[in-house]
Ligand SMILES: Cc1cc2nc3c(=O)[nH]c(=O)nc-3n(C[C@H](O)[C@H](O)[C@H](O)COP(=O)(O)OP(=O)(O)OC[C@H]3O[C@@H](n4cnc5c(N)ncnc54)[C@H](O)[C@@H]3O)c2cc1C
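Next up: just one chain, as structure tokens, the form predicted on its own.
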């Protein structure tokens, strides 16, 4: 884990201004897909104590890139950054996805959880048999990164604006997961109800699966105990250091 201070290179609101694309100065890291960073910009001042966790969408010579949705004071401050502003960054953090190139792999993304799969799109030969199914509520144009990823990974998007849409998406999840069978692999990042449904379907159909939890984090290094999850054996573990990616069999889903 490295802690460093980076400068903002670009802050780009999407077609829907609640989705923001933030690029920081390059770092010499080679993170695994599913790992994350903690960001704490100087403009948090003394008002906001903790940093904020984000999936690493890209990390290359062009910079460290995260894509997030504005949902509270912290992300509002991040969206207000300007080029040249200073941001304290610690990372790469946590355990990422565990994959094998020869395994047919299904990426299931919900909303801004899509960003967790960006590093796979950076190198599509890493998983040549991968496919992406993206569930979203905002118009698809709100997610420019979907179109970036769809150029490299076979992808399909389904929008949910009604109960019927959610039911159709749930049925598609079940059909896709069942079709993979035990030789395949499901990777999922999205809201908790989606993670829970995907875990249940993986267990029901005997398909290996991993989920990336989006639990609220304060420190990112296991000290604040703000992100604990419950394992299948009843143990309470810190998501930031034991996850954020877990095997679906490792957690309780009650």
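Computed from a predicted structure; not experimentally measured. Positions refer to the first chain, counted from 1.
The discussion below concerns the form predicted in complex with the ligand, not included here.
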Should residue 67 be classed as touching the ligand in the model of the complex when contacts are defined as heavy atoms within 4.5 Å?
-> yes
Answer for residue 130 alone: is it within 4.5 Å of the ligand in the model of the complex, judged on heavy atom distances?
-> no
Is there any non-hydrogen atom of residue 210 lying within 4.5 Å of the ligand in the model of the complex?
-> no
Heavy atom to heavy atom, is residue 75 within 4.5 Å of the ligand in the model of the complex?
-> yes
Look at the candidate spot formed by 110, 138 and 196 and say whether the ligand comes within 4.5 Å of a heavy atom in all three of them in the model of the complex.
-> no
Could you check which residue among 86, 71, 80, 179 gets a heavy atom within 4.5 Å of the ligand in the model of the complex?
-> 71
Which of 130 to 138, 112 to 120, 170 to 178, 155 to 163 sits within 4.5 Å of the ligand in the model of the complex, heavy atom basis = 112 to 120
Select from 209 to 223 the residues with a non-hydrogen atom within 4.5 Å of the ligand in the model of the complex and write them out in sequence order.
-> 213, 214, 215, 216, 217
